[in-house]
Ligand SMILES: NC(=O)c1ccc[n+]([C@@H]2O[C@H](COP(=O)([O-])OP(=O)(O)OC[C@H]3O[C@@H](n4cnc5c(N)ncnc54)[C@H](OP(=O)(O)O)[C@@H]3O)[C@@H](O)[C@H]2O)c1
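One chain comes next, on its own, written out as structure tokens in the form predicted on its own.
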Amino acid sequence: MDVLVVGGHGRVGIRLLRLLAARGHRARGLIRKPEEAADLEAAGAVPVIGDLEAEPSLEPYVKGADAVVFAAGAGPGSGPERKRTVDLGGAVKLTDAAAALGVRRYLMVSSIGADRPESATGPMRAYLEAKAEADRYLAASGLDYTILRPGSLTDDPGTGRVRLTTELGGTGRVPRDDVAAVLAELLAAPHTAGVTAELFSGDVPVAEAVRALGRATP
């Protein structure tokens, strides 16, 4: 499988690329800075240089992919404008490119609280509003999407055990390792198309949690 990860040098993105490459997939990571290419190559991935914000279309990068993953983000130090151009605008560009090229499978790394952005204040509200709008745009696209909303991200070692639920409104923490593991598993789980789920640390093995996802949606 050829998978394009947008945000390939991010802390979730590069973990996912490493897992995909280890599984024998062609793992491509879209990055803006050429100096980041060596890190992707060390992870077994193919670096793809492109500017998510500046370029009007992502079709040249999506071409040839079997699936795409949006794992980019403007970051906590960015202002509202960049949250609109990256967290929203970048996700919309990827959605449009995938739809135009017939790339059906799209995984979105969203955020806890994107279902209720009005409950946040300050910079977090602008971020959640951007994520909420991006999620809605993807859901209306007709693509085979899965929206994953992880809890508070940590750099703790992954446990391989999670709580993955379609009941929204939860809170909790989850290692980035486990987020990447769930994303890798979701790519091979077509039954999760159309599902929005929250992810936290838990007791269920990743593969088992993904198998159960979407089959008992409330």
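Not measured: the values here are computed from a predicted model. One-based numbering along the sequence shown.
We do not show the form predicted together with this ligand, though everything after this point is about it.
Taking a 4.5 Å heavy atom cutoff to this ligand in the predicted complex, the contact residue among R26, R32, K63, R161 is R32. Comparing 99-107, 85-93, 115-123, 139-147 against this ligand in the predicted complex, the single stretch with non-hydrogen atoms within 4.5 angstroms of it is 85-93. At the 4.5 Å threshold, heavy atoms of L153 reach this ligand in the predicted complex. A72 belongs to the set of residues with a heavy atom inside 4.5 Å of this ligand in the predicted complex. Under a 4.5 angstroms non-hydrogen atom cutoff, this ligand in the predicted complex lacks A43 among its neighbouring residues. In the predicted complex, this ligand lies farther than 4.5 Å from every heavy atom of A209. Residues of 43-62 lying near this ligand in the predicted complex, listed in sequence order, are G50, D51, L52, E53, the criterion being any heavy atom within 4.5 Å.
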